[in-house]
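One chain comes next, on its own, written as structure tokens: the form predicted on its own.
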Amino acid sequence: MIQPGKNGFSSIIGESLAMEQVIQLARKVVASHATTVLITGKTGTGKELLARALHHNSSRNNGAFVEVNCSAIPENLLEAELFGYERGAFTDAHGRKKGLFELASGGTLFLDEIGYMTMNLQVKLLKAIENKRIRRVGGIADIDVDIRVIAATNRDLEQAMLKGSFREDLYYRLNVISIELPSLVEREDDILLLARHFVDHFCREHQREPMMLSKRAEHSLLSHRWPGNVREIRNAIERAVLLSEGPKIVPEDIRVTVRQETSIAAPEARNGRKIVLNIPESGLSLDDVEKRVIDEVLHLSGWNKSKTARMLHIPRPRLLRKIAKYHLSPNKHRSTIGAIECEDSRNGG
């Protein structure tokens, strides 16, 4: 059983629109009686934390929360872990053992990295979920179980189905309700919020005096792409707390590789078009530059937002926020002040 107050939705740090939408959907899930939930998202986005929050806030919170990483256990051992076994079922089966399905009965079974489960086990898992009963390895009697299954994966299961490595019937059975966790680059408004939270957390955990992030450190954090998502920023901040010699954490303490490219500059293709920004004598604000670059690339792409996001090397949700921020639209007249000229590099510029 999860300790009250420790793993509720309040333990999920985030104020961005993307995370607000996740929490809103999660609250609807816990109020429902859906037996299966599928959580998707890249590595380090917090799938296990969300699964625990779903359990803690549900009517099953008096039952056990049992988890297993399906990618970390070989197929023959994973089957015995999930369903248990009877004495003599195999060489080392010296006694009867309950499986995770039985241990989770009345509560929640969290199957992490479900996308790596073998096809043979997928069949048995589907049968157990649909029939709400299992049979131990080497057993002859069926055992009723009452559980909610929460599955999580960082794999694209639809692509896995097309390749024949994931069963369609299991996918649709797990995908009764689906929650996709955004990557950290899609919720950049939460980066400093998370960093400050982890600074406070690790100062307490490692019994250090209270610390704070310097402005330079905050700039470093915002400049990093965070491919490892929340897990990466958590580890980076813990390292910084341990290494820092003063009350202020500086970039040298964090030691992350800062991305070098700017996210607003349209790339120059070898056989594409070059964008030249004409800056008036009065100058331009950085926001104005960003607005004009985004506006021009949108027009170059025919207002294809997905293509524009790829050209600017930013996530599509971030592009949508920029469009709303600058009130951009396909039919809106663009000012000639600080105008952008486009040169076709294929014709010599």
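Predicted model only: the values in this text are computed from it and were never measured. Residue indices: 1-based, along the sequence shown.
Another form, the form predicted together with a small molecule, is not on view; read the next lines as being about it.
Enquirer: Is I13 a contact residue for the small molecule in the predicted complex, using a 4.5 Å heavy atom cut-off?
Expert: Flag for I13 set to yes.
Enquirer: Quick one: is V66 in contact with the small molecule in the predicted complex, heavy atoms, 4.5 Å cut-off?
Expert: No, V66 stays farther than 4.5 Å from the small molecule in the predicted complex.
Enquirer: Even though the small molecule is not shown here, does L194 get within 4.5 Å of it in the predicted complex, heavy atoms only?
Expert: It does: once the small molecule is placed as it appears in the predicted complex, L194 has a heavy atom within 4.5 Å of it.
Enquirer: Report yes if any heavy atom of K124 sits within 4.5 Å of a heavy atom of the small molecule in the predicted complex; otherwise report no.
Expert: Heavy-atom contact with the small molecule at 4.5 Å: absent for K124.
Enquirer: To verify the annotation, which of these, R231, R216, K132, R135, has a non-hydrogen atom within 4.5 Å of the small molecule in the predicted complex?
Expert: Contact with the small molecule in the predicted complex is made by R231 alone.
Enquirer: May I ask you to choose, among F198, W226, F101, F166, the residue with a heavy atom within 4.5 Å of the small molecule in the predicted complex?
Expert: Residue within 4.5 Å of the partner: F198.
Enquirer: Among 35-43, 288-296, 318-326, 301-309, which stretch has residues whose heavy atoms lie within 4.5 Å of the small molecule in the predicted complex?
Expert: Contact criterion met by 35-43 only.
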